[in-house]
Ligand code: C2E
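The data below hold one chain only, encoded as structure tokens and taken in the form predicted alone.
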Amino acid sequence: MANTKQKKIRKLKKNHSWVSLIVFVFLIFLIGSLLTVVLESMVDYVIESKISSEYQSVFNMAELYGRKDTMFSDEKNLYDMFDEEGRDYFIKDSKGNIIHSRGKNTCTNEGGKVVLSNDIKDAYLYKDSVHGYITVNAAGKIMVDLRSLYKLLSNITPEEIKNGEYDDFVGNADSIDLNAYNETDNQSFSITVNGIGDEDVVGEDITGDDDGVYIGSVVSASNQIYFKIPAWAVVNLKDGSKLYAKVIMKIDMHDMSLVGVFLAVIVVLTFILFVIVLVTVINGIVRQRRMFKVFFTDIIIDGHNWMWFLYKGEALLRKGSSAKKNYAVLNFVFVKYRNYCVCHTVEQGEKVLKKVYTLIQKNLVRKEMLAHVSNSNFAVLMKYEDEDKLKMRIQSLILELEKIDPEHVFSFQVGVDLLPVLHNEKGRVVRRKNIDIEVEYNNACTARATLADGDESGVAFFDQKLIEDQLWLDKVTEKQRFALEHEEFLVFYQPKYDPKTDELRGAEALIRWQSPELGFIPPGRFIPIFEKNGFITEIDHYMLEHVAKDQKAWLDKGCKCVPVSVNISRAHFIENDLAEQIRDTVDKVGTPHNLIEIELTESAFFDDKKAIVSTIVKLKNYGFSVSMDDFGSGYSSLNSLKDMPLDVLKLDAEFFRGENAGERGEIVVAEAIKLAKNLNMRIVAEGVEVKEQVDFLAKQDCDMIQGYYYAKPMPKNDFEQRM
């Protein structure tokens, strides 16, 4: 298959749904990332706002310390005020000595300058050595080690809380109703750290202070328990000393629930979107496969079509496993299928086609393929051992197909192109990497075309001669226009003589091709090609114009000119104004009409008889004589002689050749001449080569003889000398 078709089919088969899936997954990832950024920003905001609030309190302490000389009569009063706040803190002088402290000093050296949302500048925050989950990064952003925090929360047990091991980390709001405690309540402590906040408790203080965790009956005081995550804030004082104070970031269950809900919403929405996209993609893949199946299905026979054969067949032949097997591409043709449809119906014809397809498919084995190409054509890919066995197999299949309908006998013609195993110079089997199955099928069609003239079943194999014939056809077609424009076509003349007097009475114009590249080409090598491709009509005009010019030139030289017949192909007679075209061409040159004879082949009379008769009548009225060429070549009809007002009848050369050219042949020729004379037509005998034939024709009163006995076709200069 051509590369462009291969690419188109691959493009069609390519699953674009996966592209959509990738795009949607990317969008999901993008949306998830954006939501994660939003979540992170929200968490950062909560953390920063809580720390900022605490830091403001520490900053206020520093402001009071800076005014101690004016506001307090004694430093002890200032420190008592600081102590009443209940915050752990210590103050270092400019030399780093602690001059006053309260509580435990758990401040570390890990931390640095922090950026806060309020107006406080030169704020510093340091990690706590016991519960060091808050740090500061290089950019001054407050960071919470959530992983370590979660690990701690997962390991805390109610017993540890009851024993006061986490008094500095777990707290309870003051709003809990202590009167709700019921000493007779048998419910035990049921809070797990992972679930703190789901249900709150009141009862006995297990922490030893009013801010501890209580145990007892479950009450409906929600969102009361919180976690106290410490860090150390540092403020530079005016006298060069520094205030170190513990700040507590309180995270209650409301904060955690809000983050958890937001996170859950993100996960759920992302999952739902992914499921929707996934279902959409799967449906798209299913639809595409159904569409591709329809694309590869022939609607007439409900089987594989030509595109399937191209795509799958080429893929099969290119496989390494197929390289060791001989394959053949077949063009299977149902002969006279159209005639069957005319006699019956198209629907009936399609039913027969389906039977043919089914029967051929039944006779195929694994890794052999069949497709309906068009109308009566099928493409088949078969394996074979040798050519003779393959031919026997095909003929056996044809015999089955001929009897597919008991009421009819069908014919099938098959063209075969062989694809034997390929070997390299070392004798190793090589893959058919560059195989083009469309070319191979075309070769099979070319082989089948050699059987097309007959109606019988048959098998034809493609060979090198068919390639050469096709190359020649292409070369002739390619050069025909150039040859016409550069007058490479030459007019040869074959004289016609009176057998009684040996006097020159006329001639026939015959074409030859003298190509600078291809050499001298006889008409049998190019005229049939021109007749098939329609170029013959331009050759007719070319020959008529050149003969008219030659006749005019000879007249001007004073030669005794004789009528010259010019062949006009049957393809020309579909034109209503043919007679006018001939007249105008001759008149343009100035040649008398009586010197031009228009010669028609006998087969032309079996086209549109009414149109032909009309053209002949016009030509005769314009002064041209009209002759029938090749009378008796196989299409003769006495009825056509009755209807056609012809001037000349040319007897085909076959009358004077072969086994029947003796006494019986002479009787036929004599009667044909007598018939023509009675119809007032002149007789020309073609292909006469021996004197006995000349004597016989003279005795029968034949008007002219054209043949090798008198002269072969010759260039115009030689014919001029004859005149």
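Every value quoted in this text rests on a predicted model; they were computed, and no experiment measured them. From 1 onward, residues are counted along the sequence shown.
The same protein has a further form, the form predicted together with the ligand, not shown here; the description that follows concerns it.
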Practice task
Would you check, heavy atoms only and a 4.5 Å threshold, whether Asn377 touches the ligand in the model of the complex?
Solution key: no
Practice task
With heavy atoms only and a cut-off of 4.5 Å, decide whether Arg512 touches the ligand in the model of the complex.
Solution key: yes
Practice task
Determine whether any heavy atom of Gln413 comes within 4.5 Å of a heavy atom of the ligand in the model of the complex, and answer yes or no.
Solution key: no
Exercise for the section: Evaluate Ile536 for contact with the ligand in the model of the complex, applying a 4.5 angstroms cut-off between non-hydrogen atoms, and reply yes or no. Expected result: yes
Practice task
Sort through 350-358, 386-394, 564-572, 580-588 and report the only stretch with a non-hydrogen atom within 4.5 Å of the ligand in the model of the complex.
Solution key: 564-572
Problem - Three-residue site Gly506, Glu597 and Ser625 fully in contact with the ligand in the model of the complex at 4.5 Å by heavy atom - result: no
Fill in the blank from the handout: in the model of the complex, the residue from Glu671, Glu689, Asp44, Glu63 with a non-hydrogen atom within 4.5 Å of the ligand is Glu689
Problem - Sole residue of Glu440, Asp550, Asp540, Asp128 within 4.5 Å of the ligand in the model of the complex, by heavy atom - result: Asp540
Completion exercise
Contacts from 702-717 to the ligand in the model of the complex (any heavy atom within 4.5 Å), listed N to C, are Gln706, Gly707, Tyr708, Pro713
